[in-house]
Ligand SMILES: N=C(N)NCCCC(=O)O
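Before any questions on binding or motion, here is one chain by itself as structure tokens, the form predicted alone.
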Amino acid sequence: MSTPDVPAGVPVGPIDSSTTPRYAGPATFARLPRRDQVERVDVAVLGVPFDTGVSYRPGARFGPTAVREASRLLRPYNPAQEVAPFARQQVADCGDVAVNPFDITEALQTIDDAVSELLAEGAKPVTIGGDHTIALPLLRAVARRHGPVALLHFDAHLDTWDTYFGAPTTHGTPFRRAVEEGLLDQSALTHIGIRGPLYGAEDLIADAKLGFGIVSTVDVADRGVPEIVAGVRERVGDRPLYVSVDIDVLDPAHAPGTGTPEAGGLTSRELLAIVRGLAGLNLVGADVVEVAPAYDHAEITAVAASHTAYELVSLMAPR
């Protein structure tokens, strides 16, 4: 794909689907240009094919490719947010981070370095995983630039456990490590979508001590999306905000292709509505993780993840 002949400073958008069918053309996210095809990047879509930190089903290393493929149907205007996210800012696919699958410590440093480089260029990262372990280096890079950030964490699980099999860095521990390292603003931490069995009541006690508030799927059903969004917005205020979406926040009916599914989750409609409700907040980075395409059916999970990433990119567009 060659870069279209456009005036300097005008964002280069996706391939025109009226001239190139959606099933053809580049395999980038939303068929956007690559990093090397544009002069600047305002929003960087970055893949991290890493799943060495999983505790059950592997396969999220293939998530970035699956989400990109499912994103071919995304279009340039977002009516729900009333914004054309690719026209208002330069969005580019920055490829995948080549992480070491055998060394978690080295992999996390590689991810940190790659995202830090994009942040130094002035780009906001929207990362596609990979398992949730990658949230830790992403938060390290973002906090180094913005200071401790507010966190909105969509997940079926707390991900604030201390260790698993004695390992301190897994997809179930990133947010405990992030609090310990001072990466998060402990007055503005929220889980949404928590459900399912725990190891014990002490899991909730320990999570609360870290500063997290919990919005369960029952809360979403009982209180409704508008009330949930209002609470999140009040809690976050004008702080720099990072949004981390584990696709298993969705019910397995809406996201079967993930590593640790739990019954009773959000619908894709509820997830997208809550994300859209964040418009106007100071979103400085985001990730969508835990898509494991080997367990997916008809791209159900990958489609949900691609639309979630699209909404996050849309939130970052100037209004």
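Each residue number is its position in the shown sequence, starting from 1. Quick caveat, the model's predicted, so the values are computed rather than measured.
Absent from the display: the form predicted in complex with the named molecule. The rest refers to it.
Remark: Tyr77 does not count among the residues lining the named molecule in the predicted complex, judged by a heavy atom distance of 4.5 Å or less.
Among residues of the shown chain, Phe165 is not one whose heavy atoms approach the named molecule to within 4.5 Å in the predicted complex. Interface residue remark: Thr260 is counted as part of the site for the named molecule in the predicted complex, having a heavy atom within 4.5 Å.
Contact check for Pro85: no non-hydrogen atom falls within 4.5 Å of the named molecule in the predicted complex. Judged by heavy atoms within 4.5 Å of the named molecule in the predicted complex, the contact stretch among the candidates 151 to 159, 110 to 118, 90 to 98, 178 to 186 is 151 to 159. Applying a 4.5 Å heavy atom cutoff to the named molecule in the predicted complex picks out Asp246, Asp248, Thr260 from 229 to 268, in order along the sequence.
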